[in-house]
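Heads up, the chain below is alone and in the form predicted on its own; it's given as structure tokens.
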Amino acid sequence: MVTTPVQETSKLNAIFDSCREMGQDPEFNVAKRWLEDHPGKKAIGCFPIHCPVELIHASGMLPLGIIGAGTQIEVTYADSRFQSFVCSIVKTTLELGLTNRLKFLEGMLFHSICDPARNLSSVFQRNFPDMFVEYIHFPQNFASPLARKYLATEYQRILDGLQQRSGHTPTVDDLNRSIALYNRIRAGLREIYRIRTDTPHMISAAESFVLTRAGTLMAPEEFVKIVEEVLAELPGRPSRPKDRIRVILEGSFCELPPVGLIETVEQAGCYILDDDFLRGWRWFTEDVPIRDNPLHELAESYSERAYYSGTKHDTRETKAAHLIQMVKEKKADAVIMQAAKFCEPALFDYALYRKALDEAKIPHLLLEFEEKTWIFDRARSEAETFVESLLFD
């Protein structure tokens, strides 16, 4: 039987629609069904940005991306635990816990993104004493030869806690199998991003976003099949290039923007060639080596094979220089900074980015958002004006 382009498009659309629905489910039903189908298994929640999911998986548990709740729930209880100027993702993540939506989790992992994220870890420990809650301390000085050794030791500490809760002591082979599985997923996502850069009309940023988000909410064994199915279907997708500007989008590394906002930017006349959506789940720029010391290889990869990010303090190369290099390599016309409201790391970065972009004569636009935003008229107007200024200048 010959598959027609219409059938291929229909299959892709069905996949993306399913992924979008999954990402908007505050009850985590896909994960709960997996746990029901695997008696005795447990799940660990991962707060963004980067979480060593291989350690969780090798311990026999399911890593899940607990990354706020978007517009799906009202914040009723969490407001009393945090100041009014704290970002939405911290409040809605806590709200998920306070409304018993995270009761099925065995634990949560947090790490050093910012002060609110650090405090959220402590708030979880206080409010959910039966939950395994750990805070990962990532190194801040990658110029030091001890940084990677320190991180490997920190991974071992986390692994010790995980195996106590799972009842399974992972072997080197277990860790390497988990690394190999996630290598396949990340390689597939890198290929999707390459296609977006080379032929952005073939797959939109919104589609790759909902795909990646769905992958944080299911077993990796299932997600890798979906990624590879998307890659198999994309070449036959009928699509024509449109008259749009080519942009790099930065600043959304932690709090997730509404899908509608991503679509609004695209519909305003932008091809988003690259972004930092869910960067922690595609953290490595190349495969993690499969060798005899997997914790060392994970630590080495975090230091040497990771994307730059507002949450990774690497003084060996400035983030602004890296951003400008990306603009040139991907032949982008402009940069859009899409930062969450009250996100100090992103807004501090913008001050540095703005100076460097101005000096490089690269046009740029700042769009602030909250995950609970559902009206995008202002963003659409600002994006359309920005696009027109470049197309008709």
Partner chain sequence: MAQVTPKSDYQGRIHNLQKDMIGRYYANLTAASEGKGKKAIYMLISGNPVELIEAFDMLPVYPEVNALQLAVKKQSLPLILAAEEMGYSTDNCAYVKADVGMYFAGRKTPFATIPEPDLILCNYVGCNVYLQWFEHLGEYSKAPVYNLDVPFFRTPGPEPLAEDINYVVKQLEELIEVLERMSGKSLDYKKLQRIMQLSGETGELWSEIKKLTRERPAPYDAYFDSVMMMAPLYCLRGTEDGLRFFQEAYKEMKQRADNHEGPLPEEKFRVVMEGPPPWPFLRQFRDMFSRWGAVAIASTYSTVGGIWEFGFRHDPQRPLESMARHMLQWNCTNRNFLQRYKQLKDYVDDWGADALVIHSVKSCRLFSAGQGDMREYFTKQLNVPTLLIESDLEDPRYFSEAQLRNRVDAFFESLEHQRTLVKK
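Not measured: the values here are computed from a predicted model. Numbering follows the first chain given and starts at 1.
Note that the form predicted together with the partner chain isn't included here; everything after this is about it.
Between the options A306, L231, V172, V123, the residue in contact with the partner chain in the predicted complex by a heavy atom within 4.5 angstroms is V123.
A heavy atom within 4.5 Å of the partner chain in the predicted complex is found for one listed residue only; from N127, Q163, Q267, T99, this is N127. Within 4.5 Å of the partner chain in the predicted complex, a heavy atom is found for none of S208, R279 and F284. Heavy atoms within 4.5 Å of the partner chain in the predicted complex belong, among the stretches 40 to 48, 354 to 362, 327 to 335, 25 to 33, to residues of 354 to 362.
Residue contact with the partner chain in the predicted complex: F104 places no heavy atom within 4.5 Å of it. Among heavy atoms of H201, none comes within 4.5 Å of the partner chain in the predicted complex. In the predicted complex, none of the heavy atoms of G215 sits within 4.5 Å of a heavy atom of the partner chain. In the predicted complex, at least one heavy atom of P345 sits within 4.5 Å of the partner chain.
With contact defined as any non-hydrogen atom lying within 4.5 angstroms of the partner chain in the predicted complex, the contacting residues in 107 to 135 are S112, I113, C114, D115, P116, R118, N119, S122, V123, Q125, R126, N127, Y135, given in sequence order.
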